[in-house]
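This document contains two forms of one protein chain, each encoded as structure tokens and listed individually as structure 1 and structure 2.
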Structure 1
Amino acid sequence: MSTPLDYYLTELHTLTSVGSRRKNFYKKLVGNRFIDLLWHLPSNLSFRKLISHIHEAPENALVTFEATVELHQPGLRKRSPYRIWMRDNKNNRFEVLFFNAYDRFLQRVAPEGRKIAVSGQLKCDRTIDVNRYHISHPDFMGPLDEIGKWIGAERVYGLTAGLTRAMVVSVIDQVLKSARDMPEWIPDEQISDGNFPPFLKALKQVHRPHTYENLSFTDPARQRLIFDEFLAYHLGMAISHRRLKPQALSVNQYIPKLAKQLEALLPFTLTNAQISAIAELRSDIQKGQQMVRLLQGDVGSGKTLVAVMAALDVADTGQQTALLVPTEILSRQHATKIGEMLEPLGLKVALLTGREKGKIREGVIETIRSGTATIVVGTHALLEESVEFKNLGLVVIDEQHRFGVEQRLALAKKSSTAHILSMTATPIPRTLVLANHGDMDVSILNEKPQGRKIIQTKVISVDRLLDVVEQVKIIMGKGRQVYWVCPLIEESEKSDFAAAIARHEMLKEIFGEKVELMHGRMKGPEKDAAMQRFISGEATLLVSTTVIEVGVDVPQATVMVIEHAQRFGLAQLHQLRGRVGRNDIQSFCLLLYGQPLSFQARKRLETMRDCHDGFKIAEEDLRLRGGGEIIGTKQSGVPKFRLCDLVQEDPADATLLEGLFAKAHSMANEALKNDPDLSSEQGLALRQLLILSEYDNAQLLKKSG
């Protein structure tokens, strides 16, 4: 005898009403299984009205009424419609149209001279002398005693070509009729707290709404199913993240000497947020369990220094640190800055990127293997098997969203007990932190170093380009430096916005050799040379694509010009703006926009002009941009769910869903804490939920079936 789970996993094509003829339509709409169809919830309600005659009907309304069949009129040509002429109870004539009709079927359900019930969308074609009423492909045509079924509220579903509402409703009702309840995976107290109905009852209720309130997130049945999906998501994520499960270590009560020495040498005072984050990391490293922590902070908040302090704590115990960064430019900048910082302490910093070759590369690898290098900075080259650490104690992943899970695991494999610190300069909204990093502790840097001024941001039409150039000339005359960012490398027939190469040529005619160019197609040494000219002050205007978006630090740069800023997302604009304002001099960000300017683009530019808090900008970016991909190796964006979108315009809906999301996260963690193998009665029920929701691909489930 099949189980309830087997029933929900049955393929839709086994139903005669679906079969091979329509299975691909359903696959495109929802998927292959019964449960996939039941996850497809109604999106709206329509109300079918009972009328006594056709003149009583609102325009284009769904109506039901009695009619007498007058005449069948088959189409004369192949593509002509099949017409059935009828009259209502007041003898008003109308026609019912069918395309690709089965003549015998229509003659059987609506024989001439018979009074029947008709239901569908009644339309009126108005001409000069007459109004002509018709219904195309009515939803129902049949016995009068079934007329009651076609009156009142009806649910509306999203559809795809090849399927009608009536077809989908019929198949859903057919599947629900034989469905059985599943073992309960939610504890009784959670059921009571949320006023949740049982799983099968919730499915039946959401598919039979009576009012618009039944369609809202406040409806207990809909909430129950949304909670189920959130719960399955968090369980699946937690199980898959067990590959990074923190290891138990021996308690390490070291005295932080090196970090104290470095702090005494710094020409500035740490912010309170930095002091707090350093204390959190130090506590993690000392308490006898592998640290897995996310350090997030706004641009220029001092994350790198916090990571260096953690590396020095690890160095106090004789261990090394690996710092993985996404770009060569950033890796070289980090290696240089950290090297200068640690030189007075007598510590060595090594750099390994794809550019180091031959004997130079062998020399770097040897310093890593021997332990001579205390901190190793590098790009993906650090992940190669030939790179072996003597005693790796800390893995720092900078701009962690640019690396997939597998890349992070590859570095973590260099030492199964190394502490893991992920960093991001893109502030992450609360919901995303929970979705992406629910298995991590989080430290936040929400302060800027003392003396930093708010960057004045101005939104300017690209038509005023020459005025901007004049302002840049004044700024450069004061010895300040300027970034000028363009969205493309070269012009194309399909795009009319400025390209970096063309803008570089124009500005070079005005400013001469003071202008430098940098873009992603340049070779490594060329980019280094261009960046070095800018850092040294030899060049005072750098025309660039977004390769300078993350991490580049030139304190004398006080102006950021972003051309065609409407082409960029909020988070990217905020990152670019963060390249200036890194000293106590007033800095500016000029957002040049072109036409046409969409509503969303205008909102982004206004947000950038009026807001300087990266966390608030991230929330607004999430609201404007909506969901993104998260499962798999991509770790940014909001997960896409079947039953709801976490990004909601209505603050009340957003708060409600975030609350459910957080509760599901807590319940998933509690369930795995109490039953790691999901072998209890509730654990086995949770396994079935994972399978129903297709979050069952974690190692635990593969291992144990």
Structure 2
Amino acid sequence: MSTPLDYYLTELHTLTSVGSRRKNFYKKLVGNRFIDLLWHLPSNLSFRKLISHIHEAPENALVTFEATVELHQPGLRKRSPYRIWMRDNKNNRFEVLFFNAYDRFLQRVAPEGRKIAVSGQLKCDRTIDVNRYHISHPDFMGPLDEIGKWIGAERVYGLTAGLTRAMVVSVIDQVLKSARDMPEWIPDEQISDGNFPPFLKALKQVHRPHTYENLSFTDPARQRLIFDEFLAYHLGMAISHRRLKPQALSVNQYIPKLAKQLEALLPFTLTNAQISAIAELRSDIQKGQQMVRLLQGDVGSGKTLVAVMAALDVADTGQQTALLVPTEILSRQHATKIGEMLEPLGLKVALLTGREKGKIREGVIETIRSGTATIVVGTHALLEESVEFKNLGLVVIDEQHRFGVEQRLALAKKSSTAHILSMTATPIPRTLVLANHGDMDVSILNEKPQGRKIIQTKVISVDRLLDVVEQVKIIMGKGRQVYWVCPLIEESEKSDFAAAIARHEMLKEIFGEKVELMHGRMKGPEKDAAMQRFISGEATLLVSTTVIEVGVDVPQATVMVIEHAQRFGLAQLHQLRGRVGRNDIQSFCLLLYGQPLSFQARKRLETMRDCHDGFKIAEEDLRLRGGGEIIGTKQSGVPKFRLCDLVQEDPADATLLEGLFAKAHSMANEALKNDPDLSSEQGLALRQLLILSEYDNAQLLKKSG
């Protein structure tokens, strides 16, 4: 016998009203399965009014009324409509129009002389002396005794070409009619706490809204379904991030040696935030339990050093660290800087990117395999199977938002017991941390090294380009260095670097050989050489595309010019600005904008000018994007849900959803804690939820499916 679950998983095309003809329309709209359609919630209500005659109808409103069929007038030519003339109860005449209709069907439901019910949008063409009323393609035309079905509130669904509201409504109702309830996966307490109806009842209620209240997030039925989706999401995340067995390493309160040595050698003192973060990481490592931690700190807060300290703690126990970074330039820079730090300690750093090939690559891989390399820095080249570690103890993922979940997991797989430290400068609100990482500990660097000044930020029209060049000239005269960023020109990577090349040409005319160029189309060694000339101070102005966006650290640079700043998202602007202000000299960021400048873009630039706190900027970013703008979505990685959008403009809605989201998170954790294999009665119900919501690809179901 088929179970309720089987029913919800049934493919829509098995219904004759869908069939192979409409299957693809439904697929595009919602998906293949019954449950996909049932999770397609009504988006609005419209009201259909019963009127006694057509002059009572508000303009363009949906109305239902009685009418008498007077005359059929089939279209004369192929494209001309089929007309039916009718009169309302006050003898007012109007016409009903059909394009591509079956004549015989029309003659059957509306024979001449019969009184029938009609429902649809009544329109009026006003000519000089008469008003002509018509309805084209009425929603209903049929027996008088069905008129009651066409009065009152009715739900509106998002549609796609090929499907009408009536089709979708009837398929949803058909599917709901034979559905049975699922076993309950939410514990009684939360059910009564949230006033949640059971699953099937909730589905039925959301598809029968009577008031706008029924459509809002405050509706318990809608809340329940949203909660289900959040719950499935958190369960899936928690299962795929599940901490593995505690590490076989039993270092009881060892005294950190290497980290202390490095600290003594540093030319500066650690910030308090760094000290506490290092202590948090150390305590994780000493516990002999796998660490899964996110290190969040604004640009320039000194995350790299914290990671190096943790790597040294791990090295004390004879283990290696892998540092995964998103770009080639950044991996080279990290390898050099960390190499310099570790040299006095007698430790080796290896570098592996797509560029190391042949013999060199073999050599690097060998130092990793033999354990000679204590820290291995690299791009995604590190993920390749041929890269084996002798004894991987810690995985650090820098600028983690640049990596997909698969990549993060691939690296973690190199050792099932390695600690995992993700680092990000893009501050992520707590909810989103949860959303993206499941249950992860968080350390925060909320402080910058001493003496750092606020970066003075100016918003300037591109018309004043020559003034900007003058200012840059003065600053360069004082021996300071300047970044000059040319952005992506929409849709065309080609013109992206073309803009940088052109600007480089122009600035070279003015400043001569001091100007360097770097863009994504240059070969690796060329990029290195350009970067090297800038780092060494030989070049004092670096024109580049956004290749310098993340991580690049040249402390002597104090000016950041960004052209067409209006095209960037806030997160990206903040990252770019973070390339300067890395010493105690006053730094500047000049945001050049061109037209057209949208309202949103203007807001972004003003936010940048007035705000220097990465967390506030991230919040503002989310708020501004609430209006549907997608710039930067990838950066903050808001997960997509079917039943709601986590980013809401209305603060009340946002708070409500965040509350549900957090509740679902704790329930998911609780459930897994009590029943790790999901084998209890509730656990089995939760498995069904995972299958329904397609979060079942986690290891879990493989294990004991």
Ligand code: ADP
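Residue positions are counted from 1 along structure 1's sequence. Note that the coordinates shown come from a computational prediction; the quantities given were computed from them, not determined experimentally. Rigid core here is just the name for the largest C-alpha set that superposes within 1.5 Å across the two forms.
Matching the description of the form predicted in complex with this ligand is structure 2; structure 1 comes from elsewhere.
Core-superposed comparison between the two structures: CA of residue 87 displaced by less than 2 Å. Once you line up the core between the two structures, the Cα of residue 266 ends up 2 Å or more from where it was. Comparing the forms between the two structures, the C-alpha position of residue 377 differs by 2 angstroms or more, with the core used for superposition. Comparing between the two structures on a rigid core frame, one finds that residue 336 has its C-alpha moved by 2.6 Å. For residue 388, the Cα shift between the two structures is 4.1 Å when the rigid core is held fixed in the overlay.
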